[in-house]
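First comes one chain, alone, set out as structure tokens in the form predicted on its own.
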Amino acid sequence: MGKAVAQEVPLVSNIAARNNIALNGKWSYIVDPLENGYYDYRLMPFKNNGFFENKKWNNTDLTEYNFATSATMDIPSDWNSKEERLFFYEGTVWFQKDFNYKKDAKTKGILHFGAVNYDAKVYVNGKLAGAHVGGYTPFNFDVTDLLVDGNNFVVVKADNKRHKDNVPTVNMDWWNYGGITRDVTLAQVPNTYIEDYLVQLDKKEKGKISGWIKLNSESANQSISVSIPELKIKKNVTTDAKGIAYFEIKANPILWTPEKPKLYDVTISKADENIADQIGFRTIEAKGKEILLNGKKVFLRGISIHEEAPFRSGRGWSQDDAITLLNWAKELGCNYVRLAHYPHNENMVREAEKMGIMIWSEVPVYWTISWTNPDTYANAERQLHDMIYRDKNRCGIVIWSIANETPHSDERDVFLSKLAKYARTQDNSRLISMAMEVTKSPNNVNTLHDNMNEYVDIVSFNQYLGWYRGTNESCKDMQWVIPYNKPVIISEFGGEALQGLHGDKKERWNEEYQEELYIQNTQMFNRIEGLAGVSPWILVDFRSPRRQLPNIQDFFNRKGLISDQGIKKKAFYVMKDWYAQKEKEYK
């Protein structure tokens, strides 16, 4: 492998606001199931002669690859939905793109990826820029020393093979879409640049906005300004010896709500740099069994969503994808979405915030994680860190979720409690939750017991009465006991129906059965004390290799209220009516 002369650096916040060269578009690709481009025939990594060198093929040298004549793929995307022969493929695919760059001694080049699933190795001009593990979080490298004036090339080795000790692990219920699945940009920033910042309502004192700005180096006495024109704010601050400037500003902004999702134009600048953002201000807290938004009791009328592109399937990533999905959620009557089971792309988060939709954001600590493996914990913690880091200025996010449907054990409790404590060190302004489970009901009494209750602010659980246990009719007899003085969210419920299939409401898989399931479950929810929110599973049918029933599932999980082709099922309207009732109750 080429010697690394670049390094992964802390994430550049708000990458879209930088001076960027867009590297989206056509990339050449080579499918490499045996990883011939990375290992020699003794399974030793190449020091040279690997595909990362992007050698120019000719008929006198023995070179058995050629990006120049290989097929191309639109990036961002996933290979599974782009090419039929790769539908089930899990392994390595190499991607390559040429680009022009003009070097400037006063600037750095930061190569940023919104996400690559799952194990990424990145090379610039044949040299290793760095590596990243995790399929749903951003990363970037300082590639200044690898770039040259004029033509350059980048090569990415993307490997989405599943492994037991990964996060998520080998067992999951969504499609393992491989590839460069989010935006790729090359940011040209000053040598000393604004790396990160936080702007939010002060937690301790009303009528105050506070925060900080951090430079990429420990550069003292640098002058930086924070401007919010609509609030007539322009605050000049100076960095300390660590390159950080703190500020407090008296202000009474209009608070962000689902009914009025007010965002303010915020500019952070220094002499050679100007970063624009839109930031909202609100408070969120749990008090007893209530969730309070800006001090007012709120019911979270939600829906769970996978990052699946509407209509075409495949990984969703664009602003248009986000707007389509979120408009469906709004039509359902939602003021909240559960973005499952991993951090979604930044377009999704920002568009939800603009529309006045609160967000639950989650890391893929899912099902049977390797609880005792230190590397697995480090991976989970890193993904949690990067999720919070990227979106800490997004007021729409009100809940950080640390897990979904994890089997009880002492080892699991140690792992998750540590993760919850870590989340609070990164952000103490939002609520912590996780999707627990209720799977048994002796004598029709459902009792939630989970040792993680003391580490979360909201007690959330998944239950599937009418589908994985019981019948739709059994909802009428069920009682619920949640022995914790905390708000309750039913983070999942539902059942499958093939859109357009009709029949008796007691026969599975048709729309009438799913409709009846929603009728009975929502009536049951009205009897649950402390219920503060619901996010049914799920908005849209999505691809899953677990779902194989011919002519019904065909590798789709059919629990969507909307089909993969955007057609609403009958249960959609049951939920819409129930949410309209809830909206009236909480006015």
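Predicted model, so just to flag it, every value in this text is computed and none were measured. Quick note: we count residues from 1 along the sequence shown, nothing fancier.
Although not depicted, the form predicted together with a small molecule is the subject of the following passage.
- Stretch-level contact check against the small molecule in the model of the complex with heavy atoms at 4.5 Å: of 85-93, 182-190, 420-428, 460-468, the positive one is 460-468.
- When the small molecule is considered in the model of the complex, Glu515 lies well away from it, no heavy atom lying within 4.5 Å.
- Among residues of the shown chain, Glu405 is one whose heavy atoms approach the small molecule to within 4.5 Å in the model of the complex.
- By the criterion of a heavy atom within 4.5 Å, Phe52 is excluded from the residues contacting the small molecule in the model of the complex.
- Put simply, Arg301 is far from the small molecule in the model of the complex: not one heavy atom of it is within 4.5 Å.
- No residue of the trio Asp78, Tyr136 and Arg315 has any heavy atom within 4.5 Å of the small molecule in the model of the complex.
- Asp173 is the sole member of Glu351, Glu381, Asp173, Asp142 with a non-hydrogen atom within 4.5 Å of the small molecule in the model of the complex.
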